[in-house]
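Both blocks below hold the same protein chain, though in two forms, and each is given as structure tokens: structure 1 and structure 2.
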Structure 1
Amino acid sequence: MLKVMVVGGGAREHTLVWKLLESTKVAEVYVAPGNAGTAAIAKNLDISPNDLDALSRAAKDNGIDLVVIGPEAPLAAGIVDILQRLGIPAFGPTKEATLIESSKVFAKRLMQQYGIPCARDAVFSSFDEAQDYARKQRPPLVIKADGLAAGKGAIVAQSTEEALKALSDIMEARVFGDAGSQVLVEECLVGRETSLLAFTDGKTVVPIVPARDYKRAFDQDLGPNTGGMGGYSPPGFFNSDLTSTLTKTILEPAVQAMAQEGRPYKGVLYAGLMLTSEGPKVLEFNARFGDPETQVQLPLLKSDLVDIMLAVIDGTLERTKIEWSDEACVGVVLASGGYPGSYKAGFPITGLDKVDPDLLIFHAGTKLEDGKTCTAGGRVLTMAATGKTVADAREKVYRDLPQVHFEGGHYRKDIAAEEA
């Protein structure tokens, strides 16, 4: 029996913990730092996902057999490399392989070199040259900081003025710190935005059931971008032909390219895509599971997640059977008032016990205060349900969501509405 440690504290990580506990091979799960939801089913450790020393010490001291990393920051900082040196199996790419997410310039060069379709771009480290170039292009333009910027590093500029402002924010004011020492100026792609994620052991690529997420804060895709306000799986337009085309033309070539570059990629590879009139093109790669995608994908996984993760680490994915339910799953995020801007925390959450036990409540920004579950972050929880169809699952979630309450809480009413 295995002891597993999950790194991270969001609803994605709560979902990972919940799924790992379904495995007959798992004895115990630790989470660093987790939240009030994970505290009920696993052992929370008060360690930041960015404190690599404390994480590796905890893994060693607690005799952990498998570490699963949720967020990108510890991957980019090299947590997997440190754990490997300690002989502790870790699920996620090494620092060198995480560059596919942590440097957009690296990812673009890789795609161009290996013929993976993406937007045309130019790279600058001089603000003056970037400005000159942007003035000569016809807007809209997309301005991107090279490094990690908590998902906020890409600005779609509708006018030259907006593009120049974005360049100045990133390169002069350094709103994303050193992530902005280089920028990409990209052509703006039009089409339907989607994503495809896959498990890979560096050779074999096995797509994960497709999911759609909703990034804008309010209904009808209005309001500011967020970490994600909900999602569902599978989207009706995403048939098996599209999955196999994207696997063959994007995910497999990317994994092969990484191997050829001497950066073998193991873990989950996430391709953010635009389906343009010229075919699918990559917007970005992520080196991890998505949030909220995970909350609607893992409930549909029928196989043992531990088997898959160990096969990814051992390089035996080709021989591992991965089965998905043919049901659907819908997840809606309940967020703090004001999120994604500033918000207050510490409000008691009521009604969690009134929700139909068939529903899945994955906590994100929650913590226990005097025995009460209180809000502690922007995205507070994802409520998810499975059903025979997306419409069934959607109805279940929206029927029960109003039971859960905290001051100022808000959620989108139109998640999966196009499939209802």
Structure 2
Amino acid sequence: MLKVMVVGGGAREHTLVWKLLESTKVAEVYVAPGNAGTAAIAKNLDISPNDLDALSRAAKDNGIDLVVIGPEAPLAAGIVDILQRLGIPAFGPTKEATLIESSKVFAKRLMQQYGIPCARDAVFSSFDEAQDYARKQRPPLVIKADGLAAGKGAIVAQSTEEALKALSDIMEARVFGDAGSQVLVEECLVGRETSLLAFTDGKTVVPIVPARDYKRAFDQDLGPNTGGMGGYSPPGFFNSDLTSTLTKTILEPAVQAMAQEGRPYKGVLYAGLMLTSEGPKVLEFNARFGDPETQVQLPLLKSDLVDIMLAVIDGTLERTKIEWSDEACVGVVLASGGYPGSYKAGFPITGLDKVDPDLLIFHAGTKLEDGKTCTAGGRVLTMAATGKTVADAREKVYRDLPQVHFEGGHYRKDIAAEEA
């Protein structure tokens, strides 16, 4: 029986803990730092995901057999490399492989070199040069910070003025810190946005059931970009032929390219995609499970997640059978008032005990205060349900959502509406 440690404290990590505990091979799960939801089913450790020394010490001291890393920041900082040196199996890419997410410039050059379809772009480290270039382009433009920005580093500018403001915010005001030392100015791709994730051991690539997420804060895709306000799986337009095409033209070439670059990629590879009139193109790569995609994908996984993760680490994914349910799953994020801007926290959450027991509640920004579950972040909860169809799952979620309440809470009312 294995002791597993999950790194992170969001709804993605709560979902991972929940799924790992379904495995007959798992004895105990630790979470660093976890949240109020994980505290009910696992052992929370008061350790920041970015404190690599404390994480590696905790893994060693607690006799951990497998570490699963949720967020991108510890991956980019090299947590997998440290754990490997200690002889502790870790699920996730090394620091060198995580560059596919932690540097947008590296990812774009990799795609261009190896013929992976993507948007045209220009890269700048000079604010003045970036401004001059943006003024000469026809909007809309996409302005991207090169480094990690918690999923908020890409701004779609509908006008030249918006593009110049985005450049000023990123490069001068440094709203994303050092992530803004370089920027990409890209053409704005038009089409249907979606994502495809896959497990890979550096050789074999096995796609995960497809999902669609919603980045904008408000209904009808209005408002600022967020980390994600909900999602569903599988999208009706995403058939097996499209999955096969995207695996062969994007995911497999990316994994092969990383191997050729001497940065073998193991873990989950996430491709954010735009299905354009010219064919599918990559918006970005991420080096880990998505959030909120994980909350609607893992409930559909029938196979043992531990078996998959160990096969990825051992390089035996080719011999591992992965099965998915033929049901659907819909998840809706409840967020704090003001998110993704400034918001207040510490409000009690009521109604969690009133929802249908079949509903899945994955905690993100929550904490326990005097025995009460309170808000502690921007995205607070993801409420998810499975059903025979997307419409069935959607009806279940939205029927129970009003039961759960905290001051200022808001959620989108149009998640998966196109499938209803």
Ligand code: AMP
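Here the rigid core means the biggest group of C-alpha atoms that line up within 1.5 Å when the two forms are laid on top of each other. What you see is a predicted model, and the numbers here were worked out from it, not measured in a lab. Reference numbering: structure 1, starting with residue 1.
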Exercise for the section: Go through 1 and 2 and tell me the one that is the form predicted alone. Expected result: 2
Problem - Residue shift check between the two structures, rigid core fit, residue 270 Cα at least 2 Å - result: no
Problem - Rigid core superposed: residue 236 CA moves 2 Å or more between the two structures - result: no
Practice task
Could you check whether the CA atom of residue 173 moves 2 Å or more between the two structures, using the rigid core for the fit?
Solution key: yes
Problem - Per-residue CA shift, residue 157 (Å; core superposed between the two structures) - result: 2.7
